[in-house]
Every structure is written in structure tokens, then in C-alpha cells.
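Given as C-alpha cells, the chain that follows is alone and in the form predicted on its own.
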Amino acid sequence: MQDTATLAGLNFELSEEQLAARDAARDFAQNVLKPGVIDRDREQRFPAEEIKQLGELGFLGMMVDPKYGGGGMDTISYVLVMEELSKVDASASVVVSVNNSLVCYGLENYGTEEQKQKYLVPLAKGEKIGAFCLSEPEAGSDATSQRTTAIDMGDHYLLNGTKNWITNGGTASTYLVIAQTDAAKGHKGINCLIVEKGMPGFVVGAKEDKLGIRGSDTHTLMFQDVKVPKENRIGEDGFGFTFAMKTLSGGRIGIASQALGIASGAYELALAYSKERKAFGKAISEHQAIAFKLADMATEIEAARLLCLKAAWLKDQHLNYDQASAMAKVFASEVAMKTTVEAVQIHGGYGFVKEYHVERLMRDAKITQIYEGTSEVQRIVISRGVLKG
């Protein structure tokens, strides 16, 4: 971990800009996302109009340099926005996370100037949506086992293979696809290619029918002899695996913040309900069994929030945040799962029906322990850092 002296400048006061971003996200979540969130979940309907509005507000490229159409905000602001959106609609917040953390970040930090002008600018402005394509039917946590191939044909690559569990799979226009160019080189033979929707041979498969984040657009993608121009490769030949790992490290902060928001949203609902619901002559919040649940929930959520903010702060200071982001994600995701289960319990029978929201939050919480690096993978990252000293 970082030396404690590194954190000497850290204070707990948010800037006016950070508070403004948080408040704007909170207002949008409560007034725009919340009214239709139950219906979107039930119908598995992508929040197209809501995402368009998020783009107009600048939330789809909030950390991108303004010269590329972004908001130029810091990572702490991003954590605050993700928490507020995720309190209400994790299906919408994951679009914000993927577009910011994986797609825009990767293009801005590792793309050429031409790639930034062509692809990053419309993504940062919210005019287009991006997707990050790493997972395969047999290559999830083991990202080195890529079976999608990108054969070097001179002036272009010939892309063949299948990607699955791709967020924004059907609605994206720009796809960052990780593929194996030279299997003999192992992870050093992997590249990342920018693929556009509509390229011949690129087919979007059926939408997944999921337990949670049901409004999120998750698809399998198939590539059959897709010709990808050489100028669409990100970085030098063989940079793809390193690109994916560096990008995913920042992605953990986004998903950790999503998990934090899910937990925080469930807690706020449970707290409000416990003050209204009466049993044995008094509000159930006055019974120690419920009061202690609320105390534990509040404590664990605050710990998760501090882990998320610390990882964000380290990133903003250009310090190594790999271990911190892994800690934030593994802890916040487990807090989300535990908190949402308890929120359902506090609601009793009402927690089991859709109109009280907490059952959806419980279903949404589970994926945060799985995508963008499972909890098991996060512990590998953390343990390596601990053992390295």
C-alpha cells in the first residue's frame, strides 16, 4: 500500500465542483431515472432516452480533457456521480462506468491523436456509446486465453472470434476488441483493435436475460473475417494485454462506486422504512435487532466509500492505485451484497415485491462481485501487492 505520508494532503472536504457534480447526479437519479426504473427492469429495456440525457449533462465523458469534448472532472467527482446514479438505477450507471472508465480512458491515454479525434470526441460528448470487449466463452478471469484472433494481413487485421457478456453490446457504435495476433508470444501477442458497428462480418447476438442490471444491454458479439484497418490498433504491436489490464484497473473504481451506490440506496430505503413500520407498539427501528442491522450497514458503507475515494484520490495524484482499486471493488461489492440482503429482510414481505425497490437492488448487487474482475481476481491483485511489500 501507499506510505501513509503520501496521504498527508488528503482531507475530507469536497470542492464546489465535486459537490455540484454529485448534486446534479442525485437530482437526475431521483427525478429522471427513478420514475421508470421498475418498468425498465421488468421489461429489460435499455434506458436510451435517459442515457442520452446523461450524455448531454456531460456524464459519459466526465473525466476526458475538454479539448476532446469531455468534462475535465476528477476521479473523485466520478465516484460521487456513480454512487448517486447507482442508488437508483445500476443499469444506467454501468453505461456511465464503461464509457468513462474503459472506453474513453483507454482511448485518451493510449490512442493516437487521429483515434482520439475520430472516436474519443463523440464518445466523450455522449453522441455515441462505447463497449469494451475482453470476455469470451472460455476466457473470463483468465484474460490471457484469448481465442478471438486478429491476423496481421499487412494493411489490416482479419478479426475472427466471439466475445460475450459485453455491456452496451447492442447499443454501442465503437468497440474496443482484445484479440490474439501471435499465440506463440502469449500475452505479448495480444492487441486491442477499434471496431465500428456495421463493419462487414460483425454480428451482434441476442441480448442476455439476466438476474440483475436487466436494463443494461448485454450481448454476445461475433466476428467473422472482419477487416480492421491497421490504424485502428491501439498502441504498439502486442500492447493489447497491457492495455486491458491498465484500463481495467481504473474500471474497478467505477464498479466499486456502483456497488457503493447500490448498498447506499438499499440502506437509505431500509432506514426510511424502519422508521415508518411499526411492530409491537413502536417503529421497528427502535427494536435493537433492527437498529444493530442499520448500524452495521452504515459502518460498512462508510468504509466502502472511503476505500473508493482513496483509490480515486490516488488515481488523481497519478500514484499507483492498482491495489487500492482492487480493495475498493472487492469490499464494496461484498458490502453491496450484504446490505441489500439485509434491506430486504428489514422490509419483510414488502422487500420481496418489486414496488419497494430493494429486491431489484439485491439482484443488481450480485454482478458487482463478478464483472470487471471477480472478487477472487481482486484478491489475487491485493495479495500480490501485500507480498511484494
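Since this is a predicted model, take the numbers as computed values, not measurements. Numbers for residues come from their place in the sequence shown, where the first is 1.
Form predicted in complex with a small molecule: not shown, discussed below.
Distance criterion of 4.5 Å from any heavy atom to the small molecule in the model of the complex singles out W165 from the list W165, W313, F202, Y273.
Exactly one listed residue, out of F241, Y267, Y175, Y105, brings a non-hydrogen atom to within 4.5 Å of the small molecule in the model of the complex: F241.
With a 4.5 Å cutoff on heavy atoms, G212 does not count as touching the small molecule in the model of the complex; it lies far away. Among heavy atoms of Q224, none comes within 4.5 Å of the small molecule in the model of the complex. Although the partner is absent here, T181 lies well away from the small molecule in the model of the complex, with no heavy atom inside 4.5 Å. Residue contact check for S135: one or more of its heavy atoms lie within 4.5 Å of the small molecule in the model of the complex.
Per the 4.5 Å heavy atom criterion, the small molecule in the model of the complex is contacted by stretch 135 to 143, the sole one of 120 to 128, 135 to 143, 225 to 233, 296 to 304.
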